[in-house]
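To begin, one chain is listed below as structure tokens, in the form predicted alone.
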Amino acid sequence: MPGRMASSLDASNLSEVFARRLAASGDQSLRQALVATVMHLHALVRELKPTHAEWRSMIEFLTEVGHACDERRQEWVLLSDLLGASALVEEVNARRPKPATPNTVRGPFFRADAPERPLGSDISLDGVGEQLAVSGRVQDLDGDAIAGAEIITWQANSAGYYENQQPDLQPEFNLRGIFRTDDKGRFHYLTVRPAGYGVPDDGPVGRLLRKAGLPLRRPAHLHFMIRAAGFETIVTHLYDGSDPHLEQDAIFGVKPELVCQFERAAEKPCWRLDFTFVMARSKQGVQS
């Protein structure tokens, strides 16, 4: 008995043929995501009509991105951030009531192994830069203090570099720390005023997007991750309101409620910043 003749494949039906080949018994959420991804990819190929050489260049770029990743650098996260994909994921998942503090992207320089420090500690281990006293309060939507909340903070130095970008120039865990709020929901520590910076452009992602003309500056900011049992975790930035690059943040993270004014002090510490973080309760009643 002769075999069944294969259906004709062309640019108009290849996407549908791919979708039909996926077994109906497979993981349905994975199947849905894969079909949607392939549909968009095929549509992009039909629209741009890349040459063989251009397609090989794209694959070479993706290969180079993977090779640029290690324990200190995450080029894939950088690509996601600079394309606005990370910010979009945050937005589609952000359903917090106002005035809960909004999330922003975590960024590629986070370290999960930062040390816990007592309140009032100075996280600037090299003392380079203008001193900044950071204080704040963590509360719920009703204004009640959240005691024992975990405050994880990290930032660039006064020259715009993170410690894990300069392992030979900055002390280990410089400008990083974990704190716990007191019984009034308060926390405070010392650091240095961070500088804005250009995102890393020495790798494949930065080179590509710089060539395309995308602004690659980040306004000065402090990173925070705040956790408390029964509440949604906050991952966010506090931005320096005097930075000239607020309108062109490379990772699309600036929101009006996160822009702060650093106040000049008459004596040391040179600058002061105080901010209230507002947490929303987790729908599951547990820490998110």
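Since we're looking at a predicted model, the values are computed, not measured. Residue numbers run from 1 along the displayed sequence.
What comes next is about the form predicted together with a small molecule, which does not appear here.
- At the 4.5 Å threshold, heavy atoms of residue 199 reach the small molecule in the predicted complex.
- Residue contact with the small molecule in the predicted complex: residue 185 places no heavy atom within 4.5 Å of it.
- Residue contact check for residue 251: one or more of its heavy atoms lie within 4.5 Å of the small molecule in the predicted complex.
- Although the partner is absent here, residue 78 is a contact residue: one of its heavy atoms lies within 4.5 angstroms of the small molecule in the predicted complex.
- Comment: 221-229 is the region of 221-229, 52-60, 38-46, 256-264 lying near the small molecule in the predicted complex, near meaning a non-hydrogen atom within 4.5 Å.
- This chain is displayed alone, yet in the predicted complex one of 194, 107, 177, 136 has a heavy atom within 4.5 Å of the small molecule; that residue is 107.
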